[in-house]
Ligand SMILES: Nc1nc2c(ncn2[C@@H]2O[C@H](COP(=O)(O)OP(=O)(O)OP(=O)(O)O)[C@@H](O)[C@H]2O)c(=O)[nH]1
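Consider the single chain below, provided in structure tokens and representing the form predicted alone.
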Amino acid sequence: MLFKGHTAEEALAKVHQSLGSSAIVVQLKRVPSAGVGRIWGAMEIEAWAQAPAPLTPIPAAADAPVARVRSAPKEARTMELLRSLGLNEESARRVHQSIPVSGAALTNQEACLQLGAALLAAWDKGTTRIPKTPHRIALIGAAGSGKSIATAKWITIESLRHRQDCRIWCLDGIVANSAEFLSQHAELLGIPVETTWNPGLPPCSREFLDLPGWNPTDPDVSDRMANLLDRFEPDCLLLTLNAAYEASILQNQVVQFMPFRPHGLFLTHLDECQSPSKVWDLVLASGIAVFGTSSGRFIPGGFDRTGGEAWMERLFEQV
């Protein structure tokens, strides 16, 4: 049977409502939306599912209770797959708990589809706070996370490819904003750069806030940055992470910056480390999805906005 939803989570809810929590998803894909939404490039999820096969009773003596066979239980097969994907223990536990309990025997393909559906649902749930067309954009993160290069790539694409009028606010924290490269690049593109806050300026189609990287464990610096963010009022606040760092460092940065309530993650230096399991660990731990990625120092090359399906395919390719 075919079920549709705006997100994987919505499509799976319809599957379980109609066929029960033990239903087996046999195919899951994103397709263009039907109706008027197609004009604007809207997408939806198609989930093909089937009811689980009935459990086979074991022949028993007349006075013995009837038992039921559960060969290849979901719990064992999905946990085996999760471990093979390279996810850390906490991520594996989160995904495993999100899959409805089923007594039906699962083939490897069916188990992969169930697992893929759960991963895609978690990703889609994490995108709910990310605007489709952001106007006021701020990248935050630790020093060395690659915010300035990513912003330079982004403004180049918005200015030259999409013909949007842009502005950059290069503001200081407690330490000075030393991203001279970004200011010079913006000036070459004819994009105005503001170094002091002036809310009286006319709005632009795209406004970017560039702040120095900082350590969020320093309360004085964090208070200053929070004040600047409150003034700017971004509708798209992205936590920028250097993907080349060790997973433990990235996880720690996510925890430290979560009080700022980022709408999504932005991963840089992806040319140095393209581990899909590391990406999924970050998404599952933070509950927010990856908005975009940056690779290399060439501008505007290596700026991508890939969805959950692409990262799910990369994850399964390594099995």
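Just so you know, these numbers come straight off a predicted model, no measurement behind them. One rule holds for the numbers: they count along the sequence shown, beginning at 1.
Although not depicted, the form predicted together with this ligand is the subject of the following passage.
K.L.:
Looking at 88-96, 122-130, 139-147, 190-198, which stretch has residues with any non-hydrogen atom within 4.5 Å of this ligand in the model of the complex?
P.N.:
Of the options given, it is 139-147.
K.L.:
Look up in the model of the complex whether His269 has a non-hydrogen atom within 4.5 angstroms of this ligand, and give yes or no.
P.N.:
Yes.
K.L.:
Using heavy atoms and a 4.5 Å limit, would one call Pro212 a contact residue for this ligand in the model of the complex?
P.N.:
Pro212 belongs to the contact set for this ligand.
K.L.:
Are any of the heavy atoms in Arg297 no more than 4.5 Å from a heavy atom of this ligand in the model of the complex?
P.N.:
Yes, contact at 4.5 Å.
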